[in-house]
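Before any questions on binding or motion, here is one chain by itself as structure tokens, the form predicted on its own.
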Amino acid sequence: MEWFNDFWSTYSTLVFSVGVHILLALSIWLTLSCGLLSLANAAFMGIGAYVAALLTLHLEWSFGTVLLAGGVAPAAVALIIGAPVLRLSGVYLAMATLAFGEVVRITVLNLEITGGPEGLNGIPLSTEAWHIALILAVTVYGLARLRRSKVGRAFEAIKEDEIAARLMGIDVDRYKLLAFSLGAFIAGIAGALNAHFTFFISPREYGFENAVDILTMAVLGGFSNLIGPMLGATILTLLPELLRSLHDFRSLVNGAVLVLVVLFLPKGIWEPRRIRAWVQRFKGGRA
């Protein structure tokens, strides 16, 4: 097992990052599944990270408790801001949630307890691989069950046609707020996990670029099912590592890959109907 120990000592942080990014991609998949184009997930991640880190550093709460608090805090914020914000839709909702993210970032920058622009140092390294694996498994199972439930069908109806959903008696506002809050909870848990394996967090980690990255993960993989966001998050996390040899051209190649996917695979890499068609075509060719 020496090879595994060498691999883990070198790439454990990368593996942890993959797991956290998958959680973030699933959090935005949840809002997209209800037709909400929200860019607040990076801010929710930051709220979860700072709440969990502060509770650990100043109150010495147990790791399980701070993880729960890291999820509950952004979910509570989502409930508060959701009522006015979710009246918007499309690009207006994206702009409003992006503005909320900037408010959170600037607030953290100017608070002494959060360390200001210098961030928080010395966060205990409490996150272990099994923590991420367990939370990820529970999240995927829960979202899969949710998708097949009455709530999931209501989300799908709202995404397809909000007016028709209202006419069918679906409480659109309540379901939107539910999706928004659950997405915030998952993003907050991801932030709490991230804070406790990176040792250090700062406001610049939860700004505009991070919000766009989270959305890109879902778009790249495809958000018609749960596999797409997970695949997109994995690819975008591993791609910089795989392109390390290109040095200054990594961002260019990364951007080119995304542009090609949007142009030629608008529904993402993982689109079940297209994959089934390819399989059938391949079988027909061999026959």
Partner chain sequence: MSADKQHSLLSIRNVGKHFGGLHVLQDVSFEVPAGSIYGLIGPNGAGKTTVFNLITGLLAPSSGSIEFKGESLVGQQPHQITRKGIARTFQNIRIFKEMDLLENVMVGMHDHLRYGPAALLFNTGACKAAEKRARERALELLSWVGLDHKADMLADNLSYGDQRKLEFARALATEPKLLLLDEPVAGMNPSEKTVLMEEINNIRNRGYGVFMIEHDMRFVMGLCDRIAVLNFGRIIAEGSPDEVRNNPEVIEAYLGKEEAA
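Numbering follows the first chain given and starts at 1. Bear in mind that the values here come from a model prediction, so they are computed numbers and not experimental data.
One more form of this protein exists, namely the form predicted together with its partner chain; it is left out here, but the text below deals with it.
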| query | finding |
| --- | --- |
| Selected contact from Ala94, Val72, Leu109, Ile170, since only one has a non-hydrogen atom within 4.5 angstroms of its partner chain in the model of the complex | Ile170 |
| One residue of Ala133, Ile80, Val103, Ala164 in contact with its partner chain, assessed in the model of the complex (non-hydrogen atom, 4.5 angstroms) | Ala164 |
| Phe200: touches its partner chain in the model of the complex, heavy atom cutoff 4.5 angstroms | no |
| Residue contact check: Gly142 to its partner chain in the model of the complex, 4.5 Å heavy atom | yes |
| Glu156: touches its partner chain in the model of the complex, heavy atom cutoff 4.5 angstroms | yes |
| Interface membership of Arg148, its partner chain in the model of the complex, 4.5 Å heavy atom rule | yes |
| Per-stretch contact check against its partner chain in the model of the complex, the hit in 117-125, 134-142, 183-191, 204-212 (non-hydrogen atom, 4.5 angstroms) | 134-142 |
| His21, Phe223 and Glu241 each touching its partner chain in the model of the complex (heavy atom, 4.5 Å) | no |
| Stretch 14-39 - residues with a heavy atom within 4.5 Å of its partner chain in the model of the complex | none |
